[in-house]
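Below you'll find only one chain, the form predicted on its own, shown as structure tokens.
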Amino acid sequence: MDEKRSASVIEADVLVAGGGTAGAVAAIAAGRRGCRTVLIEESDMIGGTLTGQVLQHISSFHDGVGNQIIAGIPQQIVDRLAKLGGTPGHMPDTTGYSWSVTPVDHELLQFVLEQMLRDAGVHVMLNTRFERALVEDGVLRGCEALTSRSGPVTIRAAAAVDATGDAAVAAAAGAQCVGGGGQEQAMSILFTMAGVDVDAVLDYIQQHPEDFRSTSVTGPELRGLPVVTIWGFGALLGAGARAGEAPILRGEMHVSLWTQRRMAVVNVTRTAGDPLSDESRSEAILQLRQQALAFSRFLQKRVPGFAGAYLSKTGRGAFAHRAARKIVGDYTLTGEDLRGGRRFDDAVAQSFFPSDRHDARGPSMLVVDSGGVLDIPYRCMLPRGVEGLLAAGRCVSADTVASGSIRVTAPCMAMGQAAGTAAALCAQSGVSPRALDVQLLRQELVRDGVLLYTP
């Protein structure tokens, strides 16, 4: 750092750290309420895992029988993306894993998120890394950050949202945190294949239904769908591993096939790594990129429909991990809550998705089904040990099982809207997040289109 450059100071009402889907929605929510909102993101893109990791789709907009449980700003994002031709909207999950999936064009989604942030008046700072929490008498007052070109900047704010995914702000502020070490979930990089012979893929599925998840749709009704979600190919993967053509043994892979574009998003790579260690992450990313190349060649050789396809894009390593550090909140969501579909009086978001924990060293994953729609209580977003801060996204307070469910995109977006709205209310009223009237927050969320359970 050039010592001659002095830190500039930005005064804000709301600071949001992290420009993934949770952070982007949080900033939009706060900005729409007239708050001076600053969003910092250490990469050069908005959308986090969904855009940077070319994630195959958004999950958890609906419950198990088709009732929509997440709306508000997340639904507005889908609507705007649909107008640009960037999504077919909510579609049946043809793997049977959940009721619906919402495929997205990753490039167009970035434009939508950026425009919505601009429309909300948010000051977006890309290539800006969180460096240090500014804490006074146990209250977070902002942060110091480092821009890649202009140098250090100090951002002072009345309320803040940690949407870093790894609870970076909360940990730096002295809040209680748990996790890390890379033991909960495998790290992965997704990749896309272009030039796929769609008919040949669908022929194989129809002729070999036993090679796919038992709940999968494998019949002729797959033809004509704009996007087909596929979970299987276990026999081919096994044969490829035995022949030395697949880099690791996998029991299944997840493929999202965009039929008209002749493009597939492939989720199959994995390795162990500590996402809080730069050295471990670097090694994991290098391994995962090699796996992506090897699996693309496996697909070309072994999987019908991919012989003439080619590797067209790989996800960014910055978004390769599924879980790391989380806050310890005033309440910790549990696996028992998930299994029971528990409801809470202070719920600010909903979710319905199985808990899937991808084995970092094995061929498959552990799945725990949801017992019903799960409420995400406001207390999960309040980190113990510091005031003035809320968490949103995968770093909220939840045990390993519950986190494996609510970490997916739609609930993260919903938590972002709740956190951004709460931060704005706190900044405008001069109260701390812990002292905020949660029933007022719930009323405001419902007014803004959020779907919440009412006893």
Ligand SMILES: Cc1cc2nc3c(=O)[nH]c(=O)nc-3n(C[C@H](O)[C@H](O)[C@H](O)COP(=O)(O)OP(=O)(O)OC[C@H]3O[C@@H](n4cnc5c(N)ncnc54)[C@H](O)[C@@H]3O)c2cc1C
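Small disclaimer: the values here were computed from a predicted structure and weren't measured. The first residue of the sequence shown is number 1, and the count goes up from there.
Absent from the display: the form predicted together with this ligand. The rest refers to it.
K.L.:
Counting only non-hydrogen atoms, which stretch in 400-408, 419-427, 64-72, 27-35 is within 4.5 Å of this ligand in the predicted complex?
P.N.:
In the other structure, the partner sits against 400-408.
K.L.:
On the criterion of a non-hydrogen atom at 4.5 angstroms or closer, are 42, 190 and 394 all touching this ligand in the predicted complex?
P.N.:
Yes: each residue has a heavy atom within 4.5 Å of the partner.
K.L.:
I'd like to check something about residue 267: if you look in the predicted complex, is any of its heavy atoms closer than or equal to 4.5 Å to a heavy atom of this ligand?
P.N.:
Answer yes; at least one heavy atom of residue 267 falls within 4.5 Å of this ligand in the predicted complex.
K.L.:
Whether residue 257 contacts this ligand in the predicted complex should be assessed with a 4.5 Å heavy atom distance threshold; does it?
P.N.:
Residue 257: no, not in contact with this ligand in the predicted complex.
K.L.:
Do residue 212 and this ligand share at least one heavy atom pair within 4.5 Å in the predicted complex?
P.N.:
Outside the cut-off, so no.
K.L.:
Is residue 22 close enough to touch this ligand in the predicted complex, meaning at least one heavy atom pair within 4.5 Å?
P.N.:
Yes - in the predicted complex, heavy atoms of residue 22 and this ligand come within 4.5 Å of each other.
K.L.:
For 23-61: residues with a non-hydrogen atom within 4.5 angstroms of this ligand in the predicted complex?
P.N.:
In sequence order, 23, 40, 41, 42, 43, 47, 48, 49, 50, 53, 55, 56, 57, 58, 59 come within 4.5 Å of the partner.
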